[in-house]
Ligand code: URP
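The form predicted alone is given below as one chain in C-alpha cells.
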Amino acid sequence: MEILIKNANIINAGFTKSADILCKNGKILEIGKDLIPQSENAKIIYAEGNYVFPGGIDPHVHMHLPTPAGYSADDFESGSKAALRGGTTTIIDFVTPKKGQILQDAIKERKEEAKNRVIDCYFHVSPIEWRDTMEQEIAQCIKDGYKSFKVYMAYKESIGLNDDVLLKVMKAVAKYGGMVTLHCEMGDKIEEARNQLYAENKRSPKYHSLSRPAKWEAQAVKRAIELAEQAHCPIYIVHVSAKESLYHIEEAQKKGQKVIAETCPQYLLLDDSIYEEDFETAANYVMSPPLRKKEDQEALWSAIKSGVVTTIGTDHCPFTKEQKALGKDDFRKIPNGTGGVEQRLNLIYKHGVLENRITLQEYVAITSTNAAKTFGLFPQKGQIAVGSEADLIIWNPGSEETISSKTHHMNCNLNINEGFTRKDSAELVMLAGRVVLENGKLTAETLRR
C-alpha cells in the first residue's frame, strides 16, 4: 500500500524538517516537498499542525509474566494493543528459561506466547544459571540475532545470579559480541532485610520500599560496572531509580566504559511518599526498585538532559487489585510491577517537553532512536529517513485527556498515573507502512496482523 503524508512536521533525534513523506511496501520511499503519489489508489494523510515522530520503542516490558500471583495482567495481545494506542510500535520483552532449559528452547516457547501481538516484538534472553553448555548457547543466541542478555542481581532464590556466575555470563557474552542487561539490586541484603522486617511484624507496603533502599541499588550498580570492566563487556542498566547510582554510571562513562542507562516514567514522576497511604493505594506502587525521593527524580531528569541516561522504558508488568491484595498481610507477597506501556510517550512529552526539561529532538532520542541504536534496530527503526521502516506517529499536541483505569486499554483495573492529565496523543500510528491506529481506534489492518 502507498501512503503519502502531506505537510509533515518531522521530528528526528538529530533535526526537524517540514516535508511530505511517501511510504510504500512498508518503507519510507521519499521525503521532500510537494511529493506526488505513484498510485492513484494511494492514501493521503494531511498532517498540518501535528508532529510526526518515529514509532516509539519500549525496550523493557514483561507481558504474560508468570508469578506466584498468576500471570501479569497483560498478555502480548492486550499489552501490544495498549502500547499501540500510546504510540509505541516496538517492544522488547524477555525470554526467561526454566532451570535446566536450553536457551534456544525457551526462545521458541516465548515466541509462541507472543504470536498474538499486534506490534513488533524483540527479546532479551535471561541466563538464570551456569551450565557446561551455557557458553555455546549464548554464542548460538548471538548468531541467531539475540544479542542482549538480561541478568538479575536480585531474586537470588529463583532467577538471580551470584557474582561468580554473573562474571562468567559477562565473559561469554563479550566474547561473542553481545551485551549484558542488568537488574541491579543487592539481592542477598534485600532478602535478609525483607525477612527481618516480616519477623518484626512490619508487613505493610511501605516495608517493601524500606527493604530495598537506594544505597543497595547503587552498590549493585557499582559492582556490575566493576565486573563488566573485568569481562570487557558492554552493559545496559535497567530502571535506574537512584541519584547515587547515576554517580557510578557517569564515572564509568567518563572513563570510556560502555555503560548504558535506562530509567522509567514512574521514577521521574512519582515518589516514595505514596507508600504511607492505605494498603489498597500503596500496594499499587509496589515495584522493584521502589519509588525514591524527589531529589532522585530531579537527578534523573538532569541525567537525561546530560546524556548519562539515554533510554526510557516502562518495565511494564501490571497486576490487578485482586492480585496486589494477595500481599495484604505480607508485603513480600505483593506482586512486583506496574503498567505503563500505554502512557509512556504521553507522560514524557508532557513532563519533559512541555515543562522544558528536554527538547522535541531529545524526546525522540530517549523514546525511540537511542533504544533502536542500542539494540541493533537502527537505522530500520528509530528514525524518519528514506529506506527506514514506515513506523510513524502523527502526534496531536493539542488534545487533552485525564488518565484513568476506567478508560485505559491495559488489561488491568488500576493505573499508577490515575488522575494525571495529558495534553497530547497519538492521533494516527503507522507500522511497517500500514495505518494501524486512526482517530484513537485500532484499524482492520491491525486486527489482521
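All figures in this text were calculated on a predicted structure; none of them were measured in a lab. In this text, residue numbers run from 1 along the sequence as written.
Beyond what is shown, the protein has a form predicted together with the named molecule; the following relates to that form.
In the predicted complex, the named molecule sits beyond 4.5 Å of every heavy atom of Arg344. The named molecule in the predicted complex comes within 4.5 Å of no heavy atom belonging to Phe378. Within this chain, His62 lines the site of the named molecule in the predicted complex, having a heavy atom no more than 4.5 Å away. Contact check for Cys317: a non-hydrogen atom falls within 4.5 Å of the named molecule in the predicted complex. Of the residues His124, His183, Arg117, Arg85, just one reaches the named molecule in the predicted complex with a heavy atom at 4.5 Å or closer; this is His183. This chain is displayed alone, yet in the predicted complex one of Ser211, Thr96, Asn284, Asn336 has a heavy atom within 4.5 Å of the named molecule; that residue is Asn336. Annotated contact segment (heavy atom within 4.5 Å of the named molecule in the predicted complex): 148 to 156, selected among 148 to 156, 164 to 172, 198 to 206, 219 to 227. Residues of 190 to 223 that come within 4.5 Å of the named molecule in the predicted complex, judged by any heavy atom, do not exist; none qualify.
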